[in-house]
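One chain comes next, on its own, written out as structure tokens in the form predicted on its own.
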Amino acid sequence: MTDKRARYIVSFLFLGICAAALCVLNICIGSVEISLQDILASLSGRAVSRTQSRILWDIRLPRTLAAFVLGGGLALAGYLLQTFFHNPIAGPFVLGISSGAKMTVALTMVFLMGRAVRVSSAALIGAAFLGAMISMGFVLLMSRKVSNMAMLVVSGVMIGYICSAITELVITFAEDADIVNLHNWSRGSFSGMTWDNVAVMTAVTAAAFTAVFLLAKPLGAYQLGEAYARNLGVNILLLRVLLVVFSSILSGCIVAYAGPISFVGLAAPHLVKSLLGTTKPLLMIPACFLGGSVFCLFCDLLARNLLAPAEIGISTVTAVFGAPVVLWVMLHRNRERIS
């Protein structure tokens, strides 16, 4: 076995063990402690207290699965955008894509709630996807006007600010009873997840993940340059369209259910790349998903328990751990240019 292959196996085992351990900790730890024995007993159908059963099945299990699925999807969306723009600090939050999705979801929620209409999962995902595509369209237009990638990122940040301003304006017109829910959602949170939510988000994310994984070979060629990819028969235009669509679907799904979550899509791919020591899409795609899941599960555990019974917005926690990674990437690139 070569050293590289051993490193890949160890890395995947490490990510898998971390994800499993954090899933267990997220289910066990909270304002009401649930032992591992009680969890196993409940999962096997044996009797446990009614309170513990409700907390386990109605609150913690759906929330933990949502953090696993959406965290992985967010990291994968970030990886796709970084590959698309050939920019290590491109991500759904930085480029304003999450903010665009947040804006259209807020508009949909306020419009439907104001008419006493139940907001379905399909409506939220559709609205978020539309908002993500609108923001992505503006980013793509800007990418044609500016050659400097730093200016592109600044443009994305400005688009994000505009979308956030519109969202705040929309929320002021919401009913008092809905403002609290909209405000909590806009800060990013995995709370309030239901099994129906988990089923839909898992189906959407799994379909997008499978499609992206099937693009691993053309993505590998695209990373080596457009001319090289064309020589191998890769349809560059189609590949770019697919990258935009899948990153928007994943970003939209996350925002629809958990609100805008910062820095996961930016930091997780870089951490995973450092762990694996490679940029091969065949390895990076599943590793990014696992890395994003681990990142979100860890941050959600802290968000729930640091100031319990109060809960911190998950974007606050992800920013604390994600922002230093971004700074490290920028300094590292600057050192490479100087040398």
Partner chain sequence: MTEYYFHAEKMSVGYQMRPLIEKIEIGLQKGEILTLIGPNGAGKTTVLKSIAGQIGLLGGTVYLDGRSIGGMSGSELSRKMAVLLTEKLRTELMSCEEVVSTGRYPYTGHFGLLSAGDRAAVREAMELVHVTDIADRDFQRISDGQRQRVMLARAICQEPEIIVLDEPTSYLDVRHKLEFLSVLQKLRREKRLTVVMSLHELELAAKVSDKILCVNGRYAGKFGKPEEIFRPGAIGELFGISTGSYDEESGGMELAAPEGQAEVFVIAGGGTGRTVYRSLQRQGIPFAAGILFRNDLDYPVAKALSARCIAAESFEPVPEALLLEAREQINACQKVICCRETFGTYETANAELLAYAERSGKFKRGGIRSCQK
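All values derive from a computational prediction rather than experimental measurement. Positions refer to the first chain, counted from 1.
Omitted here: the form predicted in complex with its partner chain. The next part is about that form.
In the model of the complex, its partner chain stays beyond 4.5 Å of every heavy atom belonging to residue 240.
Interface membership of residue 195, defined by any non-hydrogen atom within 4.5 Å of its partner chain in the model of the complex, is ruled out. With a 4.5 Å cutoff on heavy atoms, residue 227 counts as touching its partner chain in the model of the complex. When its partner chain is considered in the model of the complex, residue 213 lines it closely, a heavy atom lying within 4.5 Å. Of the candidate stretches 94 to 102, 126 to 134, 218 to 226, 250 to 258, only 218 to 226 contains residues with a heavy atom within 4.5 Å of its partner chain in the model of the complex. For the options 234, 153, 200, 109, the residue carrying a heavy atom within 4.5 angstroms of its partner chain in the model of the complex is 234. Contact annotation for 3 to 26: residues with any non-hydrogen atom within 4.5 angstroms of its partner chain in the model of the complex are 4, 8, listed in sequence order.
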